[in-house]
Structures are given as C-alpha cells and as structure tokens.
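This document starts with one chain, in the form predicted on its own, laid out as structure tokens.
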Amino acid sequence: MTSDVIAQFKNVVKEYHTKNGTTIALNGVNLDISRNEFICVVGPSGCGKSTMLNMLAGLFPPTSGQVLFEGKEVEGTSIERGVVFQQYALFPWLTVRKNIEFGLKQIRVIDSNGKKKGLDKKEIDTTVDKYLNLVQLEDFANSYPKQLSGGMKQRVAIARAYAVNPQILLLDEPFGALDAQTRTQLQSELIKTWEQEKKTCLFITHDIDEAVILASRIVIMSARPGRIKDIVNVDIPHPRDQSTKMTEEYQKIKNYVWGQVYEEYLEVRK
C-alpha cells in the first residue's frame, strides 16, 4: 500500500444469508482510494454500492477479502471515517450548534502529562463556528432540526461529519431525498467545500450528473453480484460549478458513464 492510498478493497466478497437463501452483493471488488480524491460510485440498484461504503465505515465486515484503512483491516467504526447517510440522523433534541458539537465532545487527546482529556470549550466553539460558516448556517445555529428544511438538515449532517476532521468522508446518497433545486444547490456547496478542504470522499449516488460534477474518479458497478465494471477519470479542472455541465468534456464523460450504467440496468431486467 503506497503512502498516497488511504483505503483499499482487496478481492472483497459480501454475502447475505436469509431464510430465502444466499444473496451475493459483491463479488471480487478491488479498489484503491487515494488521499484527497473524490470518488463517486454509480450503478443499478442492488449492485452493492452502499454495502461497500458500510464496510469501509466498519458497520459490518466482508464475507471474504479485506477492507483496509491506512493499511490496517477495518474493525468497527472510527472517528477517522465520517459518515453522512441519506437520512439526516440528527439529534432532534439538540440545536444545530449542539449537533455539530456532539462528535467534538467525544474526542480525547493526550496532554503534556500523558493523560487523555477532551477538547477545551474555546477549541470546540472555534471549530463549530468554522463549519457553520462553511455550510452557511450561522443564522440557524440555535435552531432545532424540526425548524429546518431538508437541505439545511443535510448541511448540518455534513458539517458535523467534517467538524471531527475525519481522514475520509463517506456519503451514502446524501442528497437523494431532496428536490432537484435543493440537490443542485447542495452539490455546488459540496464542491466548494471539497475545493477548500480537499477531504478524501467516497460518495454513493444513482445520479450520473451528480457523479460527473463532483468526482475525481467515477467507479461504475455491474449489476448484482456487484463488481467494478469500469473506473472513469474526470479530468475536468476546478473550480467547477453548474456551468461546467455545459462543457463538451462534461457531456462526453456523462454520456459514456450513462451508457455503461444503462447496460447494467438492462442486465437487471433480463
């Protein structure tokens, strides 16, 4: 594993066993994820996209093969691997500020005497302020989730994930439940956030446009049992915005990825 590679899937197989039999979700997946890149994974429903993300998150292990993070096999969840799901997963009894603070208050550092201690209040407040500003929610810091729109809730979830400074951010269709206008807005904000932070991201989506506008590389999955069919480099320069979608290079990549994914949808329908 080179120093530029932060995570790996090595010949990963994942099977689910139920009373109706065995389902093979993934069958021999190999993928290296480099530091600071933004990978989007696309493919037909049931191809194992979310299964890949959940294994890297440490929510469950592969049936065989290895999922590695920083050269070590993933065993359970870790603050180094932040997760944002499609469901907002906010604490309804906490304000926006308190939701973002929550993970920061779990962090323990070693002091000069070799003892573990939490972050001090000033450091927590400074970090929360930074990410409230980053997702443009300063005016809603003291609001509760029930007072926010869907797009605002997802921005809180992204800010909370970023605030604990994970080594990699795992996003499982985070904009899937939003209307088209809000989705486009949050794509633009996430692009700007990534351009500033350069945080390694693994992003699951069904939306080809979303993948092309966000990604450094697009991983195309086959129909179940999932395997990697192709990996497409998105060599479109940054900064990117919605006008990027009008460029010839964007359209060329989109058409290619769509064609590859559509072939797999046809396989599912056979």
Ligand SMILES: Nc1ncnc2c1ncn2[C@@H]1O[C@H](COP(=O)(O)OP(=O)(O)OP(=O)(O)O)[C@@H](O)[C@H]1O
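Every value quoted in this text rests on a predicted model; they were computed, and no experiment measured them. For every residue, the number given is its place in the sequence shown, counted from 1.
Only in words, not in the display: the form predicted in complex with the ligand, which the text now covers.
Shown alone here, residue 16 lies within 4.5 Å of the ligand in the model of the complex, counting heavy atoms only. In the model of the complex, the ligand lies within 4.5 Å of some heavy atom of residue 173.
Taking the partner from the other structure, the ligand in the model of the complex has a heavy atom within 4.5 Å of a heavy atom of residue 206. Although the partner is absent here, residue 229 sits far enough away that none of its heavy atoms falls within 4.5 Å of the ligand in the model of the complex. Residue heavy atoms within 4.5 Å of the ligand in the model of the complex occur in exactly one stretch of 64-72, 207-215, 232-240, 39-47, and that stretch is 39-47. Among the residues 11, 247, 255, 23, the one placing a heavy atom within 4.5 Å of the ligand in the model of the complex is 23.
Residues are counted as partner-facing when one of their heavy atoms sits within 4.5 Å of the ligand in the model of the complex; in 224-248 only 224 qualifies.
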